[in-house]
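Just one chain is shown here, as structure tokens, and it is the form predicted alone.
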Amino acid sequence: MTGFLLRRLGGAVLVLLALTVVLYAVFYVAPGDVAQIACGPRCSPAQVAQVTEQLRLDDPVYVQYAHFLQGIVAGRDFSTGTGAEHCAMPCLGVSYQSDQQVTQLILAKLPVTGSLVIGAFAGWLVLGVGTGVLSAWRRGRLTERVLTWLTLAGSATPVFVIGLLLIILFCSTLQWLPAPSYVPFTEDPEQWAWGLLLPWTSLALIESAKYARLTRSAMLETLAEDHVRTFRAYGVGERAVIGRHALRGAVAPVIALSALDFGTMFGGAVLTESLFGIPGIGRELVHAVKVVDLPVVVGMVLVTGFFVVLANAVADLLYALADRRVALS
């Protein structure tokens, strides 16, 4: 198990290192004159030259990348024209628009997006897996047909449509809920939960559809295997067969998909955050792209990649705990 974990850790580090290379090449090398982008379209040549000197853009590309990587692992200093500002590790740069350190900007948005993702993740996992298990258990009956149509409808419906319908129904028509808004958990836990209830529900309804279809497919495949038929021949109850044996065999693809979705959702919940007015990472990323704030874009994409790698590492660990043969491979 120790060797398995070390291999996965080494692979995760290499993936993140490769991601930094790709991001630096795409956003800092390919665009051309980064100093002009950082300074703005109305800057004079003298101001652009000053920005070039402050950002050390006249250094060779490999030296600039080394400074970028050094900031992530050890921190670095940035010139402000009149002095130097220290950016502690992990330093992802300084915003061109607000002169705020990107790490601080992300840390301010991370609890907001984390609240959205964790709550929705729990919802779509319980709803999706439960629906898939029930659909496989009731195969060939009316229950399965109804659930199949519902999951197909959920897969085909955009998240903003579900979100708008929920707002119109529960906030405007029935007036059961207040208008969605984000309140920090530390200020008012109850209002925090009520404010995120509709975003959680809309994301859970959309994402749970593919988990239901995946779980149903894996369950039906597992239920057709020889060892399951043997359990039934020995008189093992249907609930025990479903819960103890079939579900355990069908959980592997669910773990893989949930790891990928959990990681990407930290930067991919753009529509949900925009629709419900949640000031999270996705919404900030869209703003950074609009104003061409390269350090913020690179930092947030890198953080999203980190969560994807972290989630997949956790998924590998869960694989190994569920099946020792994985750790030995």
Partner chain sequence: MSEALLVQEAGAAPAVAPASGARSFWRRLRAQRAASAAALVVLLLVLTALAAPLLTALAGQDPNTYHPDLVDSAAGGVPIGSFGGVSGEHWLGVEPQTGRDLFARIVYGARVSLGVALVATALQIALGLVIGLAAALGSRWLDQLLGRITDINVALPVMVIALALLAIVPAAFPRPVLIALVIGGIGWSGMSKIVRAQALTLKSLDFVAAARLSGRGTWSVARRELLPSLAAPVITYAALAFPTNIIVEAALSFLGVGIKPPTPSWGQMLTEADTWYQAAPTYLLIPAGLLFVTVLALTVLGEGVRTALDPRAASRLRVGTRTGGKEESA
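Numbering follows the first chain given and starts at 1. Take the two forms, find the largest set of C-alpha atoms that superpose within 1.5 Å, and that set is the rigid core. Keep in mind that this is a model prediction, so the values were computed, not measured.
Quick note: we don't show the form predicted together with the partner chain, though the next part is all about it.
The stretch among 236-244, 116-124, 193-201, 211-219 whose residues place heavy atoms within 4.5 Å of the partner chain in the predicted bound form is 211-219. For the three marked residues, 153, 158 and 285, a heavy atom of each sits within 4.5 Å of the partner chain in the predicted bound form. Site annotation in the predicted bound form: the residue of 9, 321, 15, 314 reaching within 4.5 Å of the partner chain with a heavy atom is 15. Checking 74, 108, 146, 168 against the partner chain in the predicted bound form, a heavy atom within 4.5 Å turns up for just one residue: 168.
Heavy atoms of residue 50 never reach within 4.5 Å of the partner chain in the predicted bound form, leaving it off the interface. Residue contact check for residue 68: none of its heavy atoms lie within 4.5 Å of the partner chain in the predicted bound form. Using a 4.5 angstroms limit between non-hydrogen atoms, residue 172 touches the partner chain in the predicted bound form.
Among residues of the shown chain, residue 36 is not one whose heavy atoms approach the partner chain to within 4.5 Å in the predicted bound form. Contacts with the partner chain in the predicted bound form, taken as any heavy atom within 4.5 Å, map within 274-303 to 274, 275, 285, 286, 289, 290, 292, 294, 297, 301. Superposed on the core, the two forms barely differ at residue 297: its CA moves less than 2 Å between the shown form and the other one.
Shown in the overlay between the shown form and the other one, fitted on the rigid core, is a CA shift at residue 57 smaller than 2 Å. After superposition on the rigid core, the Cα of residue 279 moves by less than 2 Å between the shown form and the other one.
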